[in-house]
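The form predicted on its own is given below as one chain in structure tokens.
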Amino acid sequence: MISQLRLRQRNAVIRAVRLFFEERDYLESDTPLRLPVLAPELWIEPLTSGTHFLQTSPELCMKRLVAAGNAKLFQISPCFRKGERGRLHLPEFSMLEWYRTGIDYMDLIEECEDLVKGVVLECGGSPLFPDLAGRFPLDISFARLTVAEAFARYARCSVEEALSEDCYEEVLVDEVEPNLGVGGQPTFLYDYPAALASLARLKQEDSSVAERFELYCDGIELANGFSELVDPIEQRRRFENERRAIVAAGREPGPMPEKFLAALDDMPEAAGIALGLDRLVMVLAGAASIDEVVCFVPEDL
């Protein structure tokens, strides 16, 4: 069970997050947790609830709200993923997601940096976080590194070699990620291989990469964002590829998210991001494990 200090720290971070979005005129959405269909994703396995699924992310529902004319949305909600348990993982966790029209992934990188700095500013003066200002000085500049640059700097092989040898995730996790965001400087890793961004727009000047980024702090992935793919034909093609990969892995892919695909016809240019709220609390509180910053872990129930 969470300690009183950690619960107070968690509440302070959530208040600061909501304040940030309220000051920027975002609307807070509250979409269903139990859904008849999800986006097909090879690396994420959902939990079932009767004939439905528990959401792995509020992404599809939130994008349908954006397509309906809501230009700036954020949401804090529980998400569920099968088989995830470790120092940084839980099968049920809290996600912060936000979407904004009229911007791309580079604009969203700036806004994500503003969010983290805004939360640090709001919480840093509190006795709940006595060393936060020292660990995250507000004048710090977040680093930016392409995936290709990160592999060239830290990995035993290039991105292309890792993809061709089917060891990209292994190399990323074991060799690249531990070096990202260390030394007190958060790092944005951006321009991901096109094959690893099924919902992101490809970069116009280089279609081998997608307009996707992730934020790292102390070697911990905090957020994943991108310029949204708003072409329903291309999105269907990518979903079909994911479904085939899921079948090849011996799993049932579930139905195609037809209502989401139909909504893409009305989806404006936009960018969106998912940020692990528990991990953000963990990093800002200086906790060693995600277990410290959630009210209950599965083993407590």
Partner chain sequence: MLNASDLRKGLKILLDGDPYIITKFDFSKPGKGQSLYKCRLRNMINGNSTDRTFRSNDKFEKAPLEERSMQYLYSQGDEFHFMDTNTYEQLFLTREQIAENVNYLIDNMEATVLFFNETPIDITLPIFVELAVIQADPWVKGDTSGTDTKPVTVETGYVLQVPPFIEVGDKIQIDTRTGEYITRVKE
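Residue numbers count along the first chain shown, from 1. On a predicted model such as this, the values are computed, not experimentally measured, just so you know.
Here the subject shifts to the form predicted together with its partner chain, a form of this protein not shown in this document.
Residues Gly83, Glu170 and Arg212 are all found to lie within 4.5 Å of its partner chain in the predicted complex, as judged by heavy atom distances. Put simply, Asp139 is far from its partner chain in the predicted complex: not one heavy atom of it is within 4.5 Å. Not displayed here, its partner chain is kept clear of Thr187 by more than 4.5 Å at the level of heavy atoms in the predicted complex. Under a 4.5 angstroms non-hydrogen atom cutoff, its partner chain in the predicted complex lacks Asp231 among its neighbouring residues.
When contacts are judged by a 4.5 Å heavy atom cut-off, Arg153 does not count as touching its partner chain in the predicted complex. Across the options 40 to 48, 262 to 270, 27 to 35, 65 to 73, residues that bring heavy atoms within 4.5 Å of its partner chain in the predicted complex belong to 40 to 48. Think of it this way: in the predicted complex, its partner chain has a heavy atom of just one of Asp107, Glu149, Glu161, Asp174 within 4.5 Å, and the residue is Asp174. Between its partner chain and the residues Asp191, Glu113, Glu122, Glu221, the one pair within 4.5 Å by heavy atoms in the predicted complex involves Glu221.
Taking its partner chain as positioned in the predicted complex, none of the residues of 277 to 301 brings a heavy atom within 4.5 Å of it.
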